[in-house]
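Only one chain is included here, represented as structure tokens and corresponding to the form predicted alone.
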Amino acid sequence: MPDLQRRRWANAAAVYCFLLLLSILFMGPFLFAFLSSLKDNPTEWPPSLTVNQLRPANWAASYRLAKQGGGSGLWGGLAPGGSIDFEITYWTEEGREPAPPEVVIPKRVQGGAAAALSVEHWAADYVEVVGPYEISREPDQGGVLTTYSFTLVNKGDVPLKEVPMDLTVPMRQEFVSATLSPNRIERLGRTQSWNNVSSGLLPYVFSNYARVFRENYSVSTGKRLFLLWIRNSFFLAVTRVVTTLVFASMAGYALARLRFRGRNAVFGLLLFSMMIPQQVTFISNYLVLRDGVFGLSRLVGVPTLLNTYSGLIISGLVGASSVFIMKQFFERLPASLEESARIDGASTYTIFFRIFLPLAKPPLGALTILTFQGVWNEFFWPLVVITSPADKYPLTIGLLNLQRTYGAATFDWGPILAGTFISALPIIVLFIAFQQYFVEGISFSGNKE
């Protein structure tokens, strides 16, 4: 008996380890992408899971510095007359006299030229540096640890959102620690750079996420593009979900329950359309939209459906696979439900809306997830149909625009990873909310009693 129990525990442990390995393989890249989206330099080599933005000591420091400067501890800022006390420690080998760092407030902003155009007040024009002063010196393993202190004072009459800072020391004087960890260490360790020493907690941790929303705006309208891209994708996805649920449920019920001439031929055409890849038909679909659906749109004063949301919606009102899932589900339901309703005098519409449709929550939930995910992640067809302006892009095309903005020349991959992670959140939330219906809908659609 003990041997049998031991074998059972060993088998359970083996299965658990196997599932754990699979979860690491599937979730590992996702977790690594999230950690990289928080980094100042996500392309560092060799890659590391250590992220300064996730260190509690830096959380406390970023909150405390912003609060000390008269701003919000969560959102940051340096108020007029506000000051920030900062300390930094260097290691110097024995026999060398340590030198205080040169403190510079540069005219620099994250995001390059596009972000610089929106800056109203440069911190370099208002911030005065008091110090640095040496406050302690102690021996340490063949060298000396020297700590310096200085103060940044806002001498102007305007609040400052960003206060960048650079500290430079002579060669062979190594950086050890600071009140807030630097964003970059450059010039062979001589220069330590901070993007914003008064950032506050949330902008410090989610700096790349804030940049995605702040730095991308329309030149013509001045609106924040990333919010527009999210709104556009939600509009397209929700609209397609509604049209798919309506037309797929009605068509599935008709093919499963109604008897009419040509039903088998229609179902055969449905199956045939599922076998044709989108790449085969996209040229013909493009021409149909270009001509306004055989010229019918001209009747309402619309010469073409290209570069319109109407074109995207009309070209994908309902998919053949959605109709197939609903047909399989309705065929599974017992015929006695329909027969009893007809005996009571119910019409076809009453049977569909009052009896069959309320029972179809599992496949409708599955279609909601599949359709929303398909439209939310759709890239090729929106890229063909929607060309300009950037205000009309869905989120997938907007991410391509981010790649051109940040990745092409500057190799600034942090905002790109942040935007990609944001785009994945609605799908994750939707799947968690509808996962029960998703599993039941797929199982019901594949079985027939």
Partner chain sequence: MRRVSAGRLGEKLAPYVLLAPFLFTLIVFFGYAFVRVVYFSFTNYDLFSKPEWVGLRNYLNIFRDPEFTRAMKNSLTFMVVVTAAQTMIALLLALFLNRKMRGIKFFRAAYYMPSVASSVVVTLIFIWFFQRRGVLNYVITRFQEYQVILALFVLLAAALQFVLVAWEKLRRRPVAIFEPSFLLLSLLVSFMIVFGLVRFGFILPREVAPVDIIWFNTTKTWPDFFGALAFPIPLGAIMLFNIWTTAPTFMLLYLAGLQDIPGELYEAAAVDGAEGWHMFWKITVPQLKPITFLVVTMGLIGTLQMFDQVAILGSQAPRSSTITLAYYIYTNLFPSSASPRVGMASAAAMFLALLTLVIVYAQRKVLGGENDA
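Residue numbers count along the first chain shown, from 1. Whichever C-alpha set is largest while still superposing within 1.5 Å between the two forms counts as the rigid core. Not measured: the values here are computed from a predicted model.
There is another form of this protein, the form predicted together with its partner chain, and it is not shown here; the text below is about that form.
Remark: of stretches 184 to 192, 137 to 145, 272 to 280, 233 to 241, the one touching its partner chain in the predicted complex is 272 to 280 (heavy atom within 4.5 Å). Taking the partner from the other structure, its partner chain in the predicted complex has a heavy atom within 4.5 Å of a heavy atom of S423. L383 belongs to the set of residues with a heavy atom inside 4.5 Å of its partner chain in the predicted complex.
Though the partner is left out of this view, Y349 does reach within 4.5 Å of its partner chain in the predicted complex, counting heavy atoms only.
Although the partner is absent here, N58 lies well away from its partner chain in the predicted complex, with no heavy atom inside 4.5 Å. In terms of contact with its partner chain in the predicted complex, the residue from N52, Q68, T396, T405 that brings a heavy atom within 4.5 Å is T396. Listed residues F213, F247, F206, F150 were compared with its partner chain in the predicted complex; F247 is the one with a heavy atom within 4.5 Å.
In the predicted complex, the residues of 10 to 26 lying within 4.5 Å of its partner chain by at least one heavy atom are, in order, A10, N11, A12, A14, V15, Y16, C17, F18, L19, L20, L22, S23, L25, F26.
Once both forms are fitted on their core, a CA shift of 2 Å or more is seen for I343 between this form and the one not shown.
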